[in-house]
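Form predicted alone, single chain, as C-alpha coordinates, below.
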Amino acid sequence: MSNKRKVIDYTYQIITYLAAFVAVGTLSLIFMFVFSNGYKLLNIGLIVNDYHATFYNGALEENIEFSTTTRPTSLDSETYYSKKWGLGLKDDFDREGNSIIIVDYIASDSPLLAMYNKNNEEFTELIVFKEGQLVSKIAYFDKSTSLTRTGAEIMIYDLDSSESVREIVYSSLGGGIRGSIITTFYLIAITIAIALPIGIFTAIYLNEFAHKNRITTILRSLIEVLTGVPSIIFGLMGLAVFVPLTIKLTQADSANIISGSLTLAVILLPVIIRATEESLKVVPDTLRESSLALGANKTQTTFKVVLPSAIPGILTATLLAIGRVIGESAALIFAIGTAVKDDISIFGKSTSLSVHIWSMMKDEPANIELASTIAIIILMIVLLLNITIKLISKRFIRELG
(Lines give C-alpha, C1' and ligand atoms only; values in the text may rest on other atoms or scores of the structure.)
Protein backbone atom coordinates (compact mmCIF):
# COMPACT_ATOMS: atom_id res chain seq x y z
CA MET A 1 0.00 0.00 0.00
CA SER A 2 1.39 3.40 -0.99
CA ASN A 3 2.01 6.19 1.50
CA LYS A 4 -0.64 8.33 -0.21
CA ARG A 5 -3.23 5.56 0.25
CA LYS A 6 -2.25 5.21 3.91
CA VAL A 7 -2.68 8.94 4.49
CA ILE A 8 -6.14 8.88 2.89
CA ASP A 9 -7.17 5.88 4.97
CA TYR A 10 -5.93 7.47 8.20
CA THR A 11 -7.77 10.67 7.31
CA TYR A 12 -11.02 8.77 6.84
CA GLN A 13 -10.52 6.98 10.15
CA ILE A 14 -9.81 10.23 11.99
CA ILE A 15 -12.91 11.85 10.50
CA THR A 16 -15.02 8.81 11.46
CA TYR A 17 -13.73 8.71 15.04
CA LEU A 18 -14.06 12.49 15.39
CA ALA A 19 -17.66 12.45 14.13
CA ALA A 20 -18.54 9.60 16.49
CA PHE A 21 -16.89 11.41 19.41
CA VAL A 22 -18.80 14.64 18.67
CA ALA A 23 -22.12 12.77 18.38
CA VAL A 24 -21.64 10.75 21.56
CA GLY A 25 -20.26 13.74 23.44
CA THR A 26 -23.15 15.99 22.43
CA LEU A 27 -25.75 13.40 23.46
CA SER A 28 -23.93 12.81 26.73
CA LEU A 29 -23.89 16.52 27.51
CA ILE A 30 -27.62 16.75 26.82
CA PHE A 31 -28.36 13.83 29.15
CA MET A 32 -26.07 15.25 31.83
CA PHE A 33 -27.75 18.64 31.62
CA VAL A 34 -31.26 17.15 31.86
CA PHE A 35 -30.46 14.83 34.76
CA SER A 36 -28.39 17.36 36.70
CA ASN A 37 -31.23 19.89 36.56
CA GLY A 38 -34.18 17.56 36.94
CA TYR A 39 -33.32 14.74 39.34
CA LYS A 40 -33.98 16.84 42.47
CA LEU A 41 -37.69 17.20 41.67
CA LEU A 42 -38.14 13.59 40.58
CA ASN A 43 -40.49 11.89 43.04
CA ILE A 44 -43.73 9.95 43.11
CA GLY A 45 -45.66 13.03 44.23
CA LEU A 46 -44.85 14.81 40.97
CA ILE A 47 -46.37 11.92 39.02
CA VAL A 48 -49.54 11.33 41.05
CA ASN A 49 -50.41 14.90 42.14
CA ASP A 50 -52.64 17.36 40.33
CA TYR A 51 -51.14 20.45 38.75
CA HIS A 52 -53.62 22.88 40.28
CA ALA A 53 -53.71 23.14 44.06
CA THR A 54 -57.02 22.85 45.97
CA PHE A 55 -57.44 25.53 48.63
CA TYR A 56 -59.36 25.15 51.90
CA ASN A 57 -60.56 27.71 54.45
CA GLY A 58 -60.81 25.96 57.82
CA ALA A 59 -62.13 27.15 61.17
CA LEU A 60 -62.73 25.61 64.62
CA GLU A 61 -65.59 25.52 67.08
CA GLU A 62 -65.28 27.56 70.25
CA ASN A 63 -64.70 24.62 72.61
CA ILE A 64 -61.26 23.32 71.65
CA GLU A 65 -59.70 20.21 73.16
CA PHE A 66 -55.97 20.58 72.77
CA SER A 67 -53.60 17.75 71.92
CA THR A 68 -51.53 15.90 74.51
CA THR A 69 -49.24 14.13 72.04
CA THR A 70 -45.57 14.80 72.65
CA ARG A 71 -43.15 15.39 69.82
CA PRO A 72 -42.55 12.11 67.93
CA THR A 73 -38.94 10.97 67.82
CA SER A 74 -39.28 10.34 64.08
CA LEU A 75 -39.44 14.07 63.31
CA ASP A 76 -36.16 15.62 62.20
CA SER A 77 -34.63 18.77 63.61
CA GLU A 78 -36.00 20.92 60.78
CA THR A 79 -39.60 20.24 61.80
CA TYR A 80 -41.12 22.65 64.34
CA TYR A 81 -43.71 21.00 66.56
CA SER A 82 -46.56 22.31 68.68
CA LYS A 83 -47.63 19.85 71.38
CA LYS A 84 -50.64 22.02 72.17
CA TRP A 85 -52.02 21.73 68.65
CA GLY A 86 -50.43 18.38 67.72
CA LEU A 87 -48.95 19.90 64.59
CA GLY A 88 -45.49 19.71 63.00
CA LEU A 89 -44.58 22.23 60.30
CA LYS A 90 -41.54 22.37 58.08
CA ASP A 91 -40.06 24.95 55.71
CA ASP A 92 -39.63 23.71 52.17
CA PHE A 93 -39.74 24.77 48.53
CA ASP A 94 -42.35 23.89 45.91
CA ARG A 95 -41.58 22.58 42.42
CA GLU A 96 -41.20 26.12 41.13
CA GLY A 97 -38.69 27.11 43.82
CA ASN A 98 -41.07 29.17 45.98
CA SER A 99 -40.93 29.01 49.79
CA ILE A 100 -43.70 26.95 51.39
CA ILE A 101 -44.66 25.60 54.80
CA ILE A 102 -45.62 21.96 54.67
CA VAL A 103 -47.51 19.86 57.23
CA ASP A 104 -44.90 17.29 58.25
CA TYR A 105 -46.89 15.67 61.06
CA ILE A 106 -50.33 15.92 62.64
CA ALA A 107 -51.26 14.03 65.80
CA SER A 108 -54.32 11.83 65.98
CA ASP A 109 -55.79 13.99 68.77
CA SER A 110 -55.02 17.33 67.11
CA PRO A 111 -57.97 19.77 67.30
CA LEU A 112 -57.17 20.80 63.72
CA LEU A 113 -58.60 17.51 62.51
CA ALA A 114 -62.03 18.81 63.48
CA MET A 115 -61.96 21.90 61.28
CA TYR A 116 -65.11 22.75 59.36
CA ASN A 117 -65.39 24.44 55.99
CA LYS A 118 -65.65 28.15 56.68
CA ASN A 119 -67.13 28.74 53.23
CA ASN A 120 -70.11 26.54 54.14
CA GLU A 121 -72.75 28.71 55.83
CA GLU A 122 -74.06 25.82 57.94
CA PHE A 123 -70.58 25.17 59.44
CA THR A 124 -71.21 21.41 59.40
CA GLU A 125 -68.93 20.25 56.62
CA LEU A 126 -65.65 18.88 57.99
CA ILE A 127 -62.61 19.25 55.74
CA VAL A 128 -59.51 17.12 55.47
CA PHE A 129 -56.31 18.36 57.07
CA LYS A 130 -53.42 15.95 56.59
CA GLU A 131 -49.70 15.55 56.18
CA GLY A 132 -48.23 16.86 52.95
CA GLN A 133 -50.57 19.82 52.66
CA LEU A 134 -49.35 23.41 52.60
CA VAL A 135 -50.29 26.02 55.19
CA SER A 136 -50.63 29.46 53.59
CA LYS A 137 -51.74 31.46 56.60
CA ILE A 138 -53.19 31.19 60.10
CA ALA A 139 -55.39 34.09 61.24
CA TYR A 140 -56.07 34.82 64.94
CA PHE A 141 -58.56 36.89 66.90
CA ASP A 142 -55.98 38.55 69.11
CA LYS A 143 -52.81 38.90 67.01
CA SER A 144 -51.44 39.37 63.52
CA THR A 145 -51.83 36.68 60.91
CA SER A 146 -49.02 34.15 60.45
CA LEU A 147 -47.99 33.94 56.80
CA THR A 148 -45.75 31.69 54.75
CA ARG A 149 -43.04 34.33 54.53
CA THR A 150 -42.63 34.35 58.33
CA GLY A 151 -41.52 30.71 58.28
CA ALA A 152 -42.59 27.55 60.08
CA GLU A 153 -40.85 28.41 63.35
CA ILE A 154 -42.76 31.70 63.82
CA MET A 155 -46.01 30.06 62.76
CA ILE A 156 -45.62 27.36 65.43
CA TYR A 157 -44.66 29.97 68.03
CA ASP A 158 -47.81 31.97 67.24
CA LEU A 159 -49.92 28.82 67.49
CA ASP A 160 -48.47 27.89 70.88
CA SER A 161 -49.24 31.33 72.27
CA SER A 162 -52.88 31.31 71.10
CA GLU A 163 -55.97 29.68 72.54
CA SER A 164 -57.97 29.77 69.33
CA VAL A 165 -57.67 30.50 65.63
CA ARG A 166 -59.99 32.45 63.38
CA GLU A 167 -59.04 30.80 60.11
CA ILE A 168 -56.48 28.44 58.60
CA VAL A 169 -55.90 28.62 54.87
CA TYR A 170 -54.15 25.57 53.45
CA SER A 171 -53.94 23.69 50.18
CA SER A 172 -52.75 20.59 48.41
CA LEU A 173 -49.23 20.71 47.00
CA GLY A 174 -50.15 21.03 43.32
CA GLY A 175 -47.59 21.27 40.55
CA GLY A 176 -47.98 17.60 39.62
CA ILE A 177 -48.12 16.23 36.08
CA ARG A 178 -50.69 13.47 36.54
CA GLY A 179 -53.03 15.09 34.02
CA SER A 180 -50.29 15.46 31.40
CA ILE A 181 -49.27 11.82 31.81
CA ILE A 182 -52.87 10.64 31.37
CA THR A 183 -53.25 12.89 28.31
CA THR A 184 -50.06 11.50 26.79
CA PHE A 185 -51.26 7.91 27.17
CA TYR A 186 -54.65 8.85 25.71
CA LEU A 187 -52.87 10.36 22.71
CA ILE A 188 -50.69 7.27 22.28
CA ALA A 189 -53.64 4.85 22.45
CA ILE A 190 -55.98 6.78 20.14
CA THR A 191 -53.28 7.77 17.64
CA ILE A 192 -51.86 4.25 17.33
CA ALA A 193 -55.36 2.78 17.04
CA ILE A 194 -56.01 5.07 14.06
CA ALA A 195 -52.63 5.30 12.35
CA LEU A 196 -51.22 1.78 12.76
CA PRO A 197 -53.92 -0.22 10.90
CA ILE A 198 -54.14 2.35 8.08
CA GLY A 199 -50.35 2.56 7.77
CA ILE A 200 -49.80 -1.21 7.83
CA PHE A 201 -52.49 -1.99 5.25
CA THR A 202 -51.26 0.83 3.00
CA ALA A 203 -47.73 -0.56 3.16
CA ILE A 204 -49.04 -4.06 2.40
CA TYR A 205 -50.90 -2.75 -0.65
CA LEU A 206 -47.90 -0.82 -1.97
CA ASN A 207 -45.41 -3.65 -1.45
CA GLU A 208 -47.48 -6.77 -2.12
CA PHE A 209 -50.42 -5.90 -4.39
CA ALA A 210 -49.79 -2.61 -6.22
CA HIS A 211 -48.24 -2.76 -9.68
CA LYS A 212 -45.07 -0.80 -10.23
CA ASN A 213 -46.25 2.09 -12.38
CA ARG A 214 -46.30 5.87 -12.41
CA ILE A 215 -49.19 6.09 -9.93
CA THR A 216 -47.48 4.03 -7.23
CA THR A 217 -44.24 5.92 -7.85
CA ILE A 218 -46.08 9.21 -7.28
CA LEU A 219 -47.72 7.79 -4.14
CA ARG A 220 -44.35 6.81 -2.68
CA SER A 221 -42.93 10.23 -3.53
CA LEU A 222 -45.85 11.95 -1.78
CA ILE A 223 -45.36 9.77 1.30
CA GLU A 224 -41.68 10.71 1.42
CA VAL A 225 -42.57 14.40 1.03
CA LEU A 226 -45.04 14.16 3.92
CA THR A 227 -42.29 12.71 6.10
CA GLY A 228 -40.34 15.96 5.77
CA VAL A 229 -43.22 18.41 6.30
CA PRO A 230 -42.80 20.46 9.51
CA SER A 231 -45.20 19.30 12.19
CA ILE A 232 -46.50 22.82 12.85
CA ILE A 233 -48.13 22.72 9.39
CA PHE A 234 -49.97 19.57 10.43
CA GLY A 235 -50.99 21.44 13.56
CA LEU A 236 -52.57 24.18 11.45
CA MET A 237 -54.37 21.47 9.46
CA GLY A 238 -55.62 19.94 12.71
CA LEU A 239 -56.90 23.32 13.87
CA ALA A 240 -58.61 24.01 10.55
CA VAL A 241 -59.98 20.52 9.86
CA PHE A 242 -60.03 18.15 12.82
CA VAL A 243 -61.05 20.61 15.54
CA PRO A 244 -64.22 21.73 13.68
CA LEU A 245 -64.90 18.11 12.69
CA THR A 246 -64.74 16.82 16.26
CA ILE A 247 -66.85 19.76 17.49
CA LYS A 248 -69.49 18.83 14.93
CA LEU A 249 -69.46 15.07 15.55
CA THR A 250 -68.76 14.87 19.29
CA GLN A 251 -69.58 16.76 22.47
CA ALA A 252 -66.33 18.72 22.25
CA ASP A 253 -66.61 22.51 22.08
CA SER A 254 -62.97 23.38 21.34
CA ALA A 255 -59.61 21.77 20.61
CA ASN A 256 -59.52 18.34 22.24
CA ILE A 257 -57.60 15.10 22.64
CA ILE A 258 -59.42 13.44 19.72
CA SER A 259 -58.49 16.26 17.32
CA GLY A 260 -54.91 16.04 18.59
CA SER A 261 -54.84 12.28 18.03
CA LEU A 262 -56.19 12.64 14.48
CA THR A 263 -53.52 15.23 13.74
CA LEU A 264 -50.78 12.98 15.11
CA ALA A 265 -52.18 10.05 13.12
CA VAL A 266 -51.67 12.03 9.89
CA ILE A 267 -48.13 12.90 11.00
CA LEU A 268 -47.31 9.26 11.77
CA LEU A 269 -48.79 7.66 8.65
CA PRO A 270 -45.72 8.30 6.43
CA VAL A 271 -43.39 6.97 9.15
CA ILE A 272 -45.44 3.81 9.69
CA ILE A 273 -45.93 3.20 5.97
CA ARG A 274 -42.24 3.55 5.12
CA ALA A 275 -41.02 1.47 8.08
CA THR A 276 -43.59 -1.27 7.46
CA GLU A 277 -42.84 -1.38 3.75
CA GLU A 278 -39.13 -1.75 4.42
CA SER A 279 -39.81 -4.60 6.86
CA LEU A 280 -41.95 -6.33 4.18
CA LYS A 281 -39.21 -5.94 1.59
CA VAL A 282 -36.66 -7.85 3.69
CA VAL A 283 -38.92 -10.91 3.87
CA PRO A 284 -37.28 -13.41 1.44
CA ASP A 285 -39.17 -14.03 -1.80
CA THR A 286 -38.57 -17.73 -1.27
CA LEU A 287 -41.20 -17.67 1.50
CA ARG A 288 -43.74 -16.17 -0.90
CA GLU A 289 -42.87 -18.63 -3.64
CA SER A 290 -43.04 -21.61 -1.28
CA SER A 291 -46.46 -20.55 0.00
CA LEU A 292 -47.81 -20.07 -3.51
CA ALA A 293 -46.33 -23.41 -4.58
CA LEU A 294 -48.21 -25.14 -1.76
CA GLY A 295 -51.52 -23.82 -3.08
CA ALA A 296 -52.05 -20.63 -1.07
CA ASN A 297 -53.32 -17.62 -2.96
CA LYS A 298 -51.77 -14.15 -2.92
CA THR A 299 -53.89 -12.86 -0.02
CA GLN A 300 -53.28 -15.94 2.14
CA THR A 301 -49.56 -15.75 1.45
CA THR A 302 -49.43 -12.07 2.37
CA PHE A 303 -51.33 -12.32 5.64
CA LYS A 304 -50.32 -15.82 6.78
CA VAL A 305 -46.66 -15.88 5.74
CA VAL A 306 -45.25 -12.48 4.84
CA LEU A 307 -46.94 -10.31 7.48
CA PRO A 308 -45.98 -12.51 10.50
CA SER A 309 -42.37 -12.50 9.27
CA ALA A 310 -42.42 -8.71 9.18
CA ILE A 311 -43.80 -8.29 12.73
CA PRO A 312 -40.43 -7.29 14.28
CA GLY A 313 -40.08 -4.47 11.76
CA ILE A 314 -43.68 -3.39 12.30
CA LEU A 315 -43.07 -3.27 16.05
CA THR A 316 -40.08 -1.05 15.40
CA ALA A 317 -42.34 1.23 13.35
CA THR A 318 -44.78 1.25 16.27
CA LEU A 319 -42.00 2.28 18.65
CA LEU A 320 -40.97 5.10 16.33
CA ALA A 321 -44.59 6.22 16.17
CA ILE A 322 -45.02 6.18 19.94
CA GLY A 323 -41.81 8.13 20.39
CA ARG A 324 -43.06 10.72 17.91
CA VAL A 325 -46.37 11.01 19.78
CA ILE A 326 -44.62 11.53 23.13
CA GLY A 327 -42.16 14.06 21.74
CA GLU A 328 -44.49 16.08 19.53
CA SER A 329 -45.40 19.56 20.73
CA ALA A 330 -45.68 22.05 17.85
CA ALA A 331 -48.69 20.38 16.23
CA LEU A 332 -50.41 19.72 19.54
CA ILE A 333 -50.26 23.36 20.59
CA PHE A 334 -52.82 24.05 17.84
CA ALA A 335 -54.68 20.75 17.76
CA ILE A 336 -55.19 20.12 21.47
CA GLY A 337 -54.39 23.38 23.25
CA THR A 338 -51.99 24.36 26.02
CA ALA A 339 -54.29 24.33 29.03
CA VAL A 340 -52.88 22.18 31.84
CA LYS A 341 -55.83 20.17 33.17
CA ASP A 342 -56.31 17.78 36.08
CA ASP A 343 -59.72 16.41 35.07
CA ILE A 344 -59.00 14.76 31.74
CA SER A 345 -61.60 14.13 29.05
CA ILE A 346 -60.91 13.09 25.46
CA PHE A 347 -63.42 15.77 24.43
CA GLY A 348 -61.59 18.61 26.20
CA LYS A 349 -58.35 20.57 26.06
CA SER A 350 -55.28 19.31 27.85
CA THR A 351 -51.51 19.08 27.52
CA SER A 352 -49.16 16.22 26.77
CA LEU A 353 -45.84 15.92 28.56
CA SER A 354 -43.96 17.64 25.75
CA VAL A 355 -46.42 20.55 25.64
CA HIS A 356 -46.15 20.75 29.44
CA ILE A 357 -42.40 21.27 29.01
CA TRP A 358 -43.13 24.03 26.50
CA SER A 359 -45.47 25.66 29.03
CA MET A 360 -42.78 25.58 31.70
CA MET A 361 -40.15 27.06 29.39
CA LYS A 362 -42.28 30.00 28.22
CA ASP A 363 -42.67 31.29 31.78
CA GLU A 364 -40.58 34.23 32.96
CA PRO A 365 -38.19 33.04 34.22
CA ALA A 366 -38.25 29.62 32.55
CA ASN A 367 -38.71 26.72 34.96
CA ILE A 368 -35.73 24.69 33.72
CA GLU A 369 -35.74 22.31 36.71
CA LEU A 370 -39.34 21.13 36.28
CA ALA A 371 -38.97 20.98 32.49
CA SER A 372 -35.87 18.79 32.91
CA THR A 373 -37.72 16.52 35.36
CA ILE A 374 -40.55 16.02 32.86
CA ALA A 375 -37.92 15.29 30.19
CA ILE A 376 -36.48 12.57 32.43
CA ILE A 377 -39.93 11.04 32.81
CA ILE A 378 -40.37 11.08 29.01
CA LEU A 379 -37.03 9.34 28.59
CA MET A 380 -38.05 6.72 31.16
CA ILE A 381 -41.35 6.06 29.36
CA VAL A 382 -39.63 5.74 25.98
CA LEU A 383 -36.97 3.45 27.47
CA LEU A 384 -39.63 1.24 29.04
CA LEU A 385 -41.58 1.03 25.77
CA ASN A 386 -38.36 0.30 23.89
CA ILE A 387 -37.48 -2.59 26.19
CA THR A 388 -41.04 -3.96 25.98
CA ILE A 389 -41.11 -3.88 22.19
CA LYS A 390 -37.63 -5.43 21.95
CA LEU A 391 -38.77 -8.33 24.17
CA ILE A 392 -41.89 -8.82 22.05
CA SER A 393 -39.79 -8.74 18.87
CA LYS A 394 -37.39 -11.36 20.24
CA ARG A 395 -40.33 -13.58 21.09
CA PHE A 396 -41.70 -13.35 17.55
CA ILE A 397 -38.25 -14.01 16.06
CA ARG A 398 -37.85 -17.03 18.32
CA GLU A 399 -41.24 -18.41 17.30
CA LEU A 400 -40.54 -17.83 13.60
CA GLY A 401 -37.13 -19.40 13.92
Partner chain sequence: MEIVRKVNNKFLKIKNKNKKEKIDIVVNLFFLISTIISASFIIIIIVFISVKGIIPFITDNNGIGSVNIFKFLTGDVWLSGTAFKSNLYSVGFIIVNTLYIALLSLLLSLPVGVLTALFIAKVAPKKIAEFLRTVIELLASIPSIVYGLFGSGVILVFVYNFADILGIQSKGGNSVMATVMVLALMTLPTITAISEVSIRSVGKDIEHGSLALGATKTQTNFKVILSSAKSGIFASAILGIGRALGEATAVSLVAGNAKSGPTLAFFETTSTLTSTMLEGLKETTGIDYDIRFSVGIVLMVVILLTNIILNYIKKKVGNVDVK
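Whichever C-alpha set is largest while still superposing within 1.5 Å between the two forms counts as the rigid core. The structure displayed is predicted, hence computed values, not measured ones. Positions refer to the first chain, counted from 1.
This next part talks about the form predicted in complex with its partner chain, which is not shown.
Residues with any non-hydrogen atom within 4.5 angstroms of its partner chain in the predicted complex fall in just one of 179 to 187, 84 to 92, 103 to 111, 269 to 277: 269 to 277. Although the partner is absent from the chain shown here, none of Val48, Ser172 and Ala252 has a heavy atom within 4.5 Å of its partner chain in the predicted complex. Taking the partner from the other structure, its partner chain in the predicted complex has a heavy atom within 4.5 Å of a heavy atom of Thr338. By the criterion of a heavy atom within 4.5 Å, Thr388 is excluded from the residues contacting its partner chain in the predicted complex. At a distance threshold of 4.5 angstroms between non-hydrogen atoms, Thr217 is out of contact with its partner chain in the predicted complex. Interface residue remark: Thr202 is counted as part of the site for its partner chain in the predicted complex, having a heavy atom within 4.5 Å. Contact with its partner chain in the predicted complex, judged by any heavy atom within 4.5 Å, is made by just one of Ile322, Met155, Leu239, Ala310: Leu239. A heavy atom within 4.5 Å of its partner chain in the predicted complex is found for one listed residue only; from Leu147, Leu75, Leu315, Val229, this is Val229. Residues of 78 to 92 include none with a non-hydrogen atom no more than 4.5 angstroms from its partner chain in the predicted complex. Once the rigid core is overlaid between the shown form and the other one, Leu222 counts among the residues whose Cα shifts by 2 Å or more.
When the rigid core is held fixed, the Cα atom of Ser74 travels less than 2 angstroms between the shown form and the other one.
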